[in-house]
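The form predicted alone is given below as one chain in structure tokens.
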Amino acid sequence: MKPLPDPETLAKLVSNVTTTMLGIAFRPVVGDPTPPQDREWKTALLAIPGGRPITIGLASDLESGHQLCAAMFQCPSRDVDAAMMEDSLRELTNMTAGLVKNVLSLDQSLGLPKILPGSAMPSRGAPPHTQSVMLQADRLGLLLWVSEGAHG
């Protein structure tokens, strides 16, 4: 069984998606990777059920989510509404989960991403069963994590 991808690999997987779709490359945050708790967040979770259940989480603070969504829909940030932002976060989560699935050589079907209620930063689980990385691209921030087991 392959180990969960390390933070650098997770950053590359997200950037593969965002660079291709949006022209935005993320890099791991150096130093304290703790996400800011004073911001509102939107979080998508996607389960990969099966013999080795995995859960992928992708969270964005609202400002970053608006900007990423505007890039995805090619519209001004002011035109982004909550439904659009949730759709774009689910899509980014789905594509990233597909890449994680490939890296782990999982022969399992992806579930559907769901948006968690509320705006607080969610719990990510504890190592050694979780790998996570805080990502940054200019002023944009994302938090990506992969956990063993079904969560959410």
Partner chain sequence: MPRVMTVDDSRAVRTIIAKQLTALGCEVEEAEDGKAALDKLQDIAVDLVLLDVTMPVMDGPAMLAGLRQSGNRTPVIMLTSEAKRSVIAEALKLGIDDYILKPFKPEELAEKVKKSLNLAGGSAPAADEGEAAVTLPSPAAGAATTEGKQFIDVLVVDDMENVAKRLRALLPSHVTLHAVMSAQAALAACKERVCRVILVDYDLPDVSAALLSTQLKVLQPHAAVVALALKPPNTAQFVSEVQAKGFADALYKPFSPETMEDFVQQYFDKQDLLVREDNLVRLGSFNGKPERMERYFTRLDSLFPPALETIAAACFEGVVVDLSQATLHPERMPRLLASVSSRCSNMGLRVLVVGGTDVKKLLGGYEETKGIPCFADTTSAKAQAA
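Numbering follows the first chain given and starts at 1. Given the structure is predicted, the values throughout are model-derived calculations rather than measurements.
We do not show the form predicted in complex with its partner chain, though everything after this point is about it.
Q: In the model of the complex, does Val30 have a heavy atom within 4.5 Å of its partner chain?
A: Although its partner chain is absent here, Val30 would stay clear of it in the model of the complex, with no heavy atoms inside 4.5 Å.
Q: Counting only non-hydrogen atoms and a 4.5 angstroms cut-off, does Ser119 reach its partner chain in the model of the complex?
A: Ser119: no contact with its partner chain in the model of the complex.
Q: Residue-level contact is defined here as any heavy atom of the residue lying within 4.5 Å of its partner chain in the model of the complex; does Ile24 satisfy this criterion?
A: Looking in the model of the complex, residue contacts with its partner chain do not include Ile24, since no heavy atom lies within 4.5 Å.
Q: Taking any heavy atom pair closer than or equal to 4.5 Å as contact, tell me whether His66 reaches its partner chain in the model of the complex.
A: Looking in the model of the complex, residue contacts with its partner chain do not include His66, since no heavy atom lies within 4.5 Å.
Q: At 4.5 Å by heavy atoms, is each residue in Val17, Met84 and Lys101 next to its partner chain in the model of the complex?
A: The answer is yes: all three residues contact the partner (heavy atom, 4.5 Å cut-off).
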